[in-house]
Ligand SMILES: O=C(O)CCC(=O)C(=O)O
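One chain follows as structure tokens, the form predicted alone.
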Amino acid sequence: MSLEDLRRQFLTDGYCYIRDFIRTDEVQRICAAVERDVWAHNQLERPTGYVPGFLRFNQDFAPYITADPLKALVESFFGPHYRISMVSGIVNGAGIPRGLIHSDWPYNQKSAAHIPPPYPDAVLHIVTMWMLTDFTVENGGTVVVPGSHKKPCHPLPGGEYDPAEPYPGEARLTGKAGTIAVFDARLWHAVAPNVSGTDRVAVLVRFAPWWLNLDTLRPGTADHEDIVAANDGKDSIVPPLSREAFEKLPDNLKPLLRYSVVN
């Protein structure tokens, strides 16, 4: 798809696909390494695998982060001075149940640091889901609600829509290994049940414009202490990169992550 086609689908549906982004001969190797390192450093209980700050442990996929057409798509919204806000390794293991419909940070109303509704109609944060195994309905391809990025807020308990229930018109993110799904952080989505008997492996890389404040995600900063910690917040945490891990990154990737390095 052309950049114009990707933008059109993203703006209309709230998400789009970049197919065959990772070379076929590379996907299997990267997938095996990511799955190994997620389980080795997992912060949750199986069947969920989740590792924030994943570049601390695995950089096999790092050369692709600045490759076109992903780079061109992100720059078309944020300009050349965007940053990476979060990188997470994810495994949705066999037997994982369905999750709640939600929007991602900074829109999720459960976060201490969040944009209050109604959401502004602008692209402020982009989520990319890197499919390292095939994403199918059976193995838990993520639930999405097309067009929901235009709604003023995601479903909340006790509201008009129950976030634990399927939403009319919802769809699934599906694709072959090596595909990237790119979506607006406002998009309503949910973990889907994995009934396949095999793990579904992914990496999430999120992008922010230079002006979006990421300090609430970083323990030790004034904004994290004042906005999150002081209010017993449950926001996502982005662990800092060590100088050693940072120096191993491709040179053209370092400018997107230099703010997150601890000396």
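What you see is a predicted model, and the numbers here were worked out from it, not measured in a lab. The first residue of the shown sequence is 1; numbering continues from there.
Note that the form predicted together with this ligand isn't included here; everything after this is about it.
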Listed residue that, although this ligand is not shown, lies within 4.5 Å of it in the model of the complex (heavy atoms), from H102, H125, K151, H114: H102
Using a 4.5 Å heavy atom cut-off, which residue among V27, L204, A208, A33 comes into contact with this ligand in the model of the complex? L204
Taking a heavy atom within 4.5 Å as contact, would all three of N92, V191 and R200 count as contacting this ligand in the model of the complex? yes
Check whether S85 has any heavy atom within 4.5 Å of a heavy atom of this ligand in the model of the complex, and answer yes or no. no
I'd like to check something about M129: if you look in the model of the complex, is any of its heavy atoms closer than or equal to 4.5 Å to a heavy atom of this ligand? yes
Within 4.5 Å of this ligand in the model of the complex, heavy atom basis, the matching stretch of 157-165, 174-182, 102-110, 74-82 is 102-110
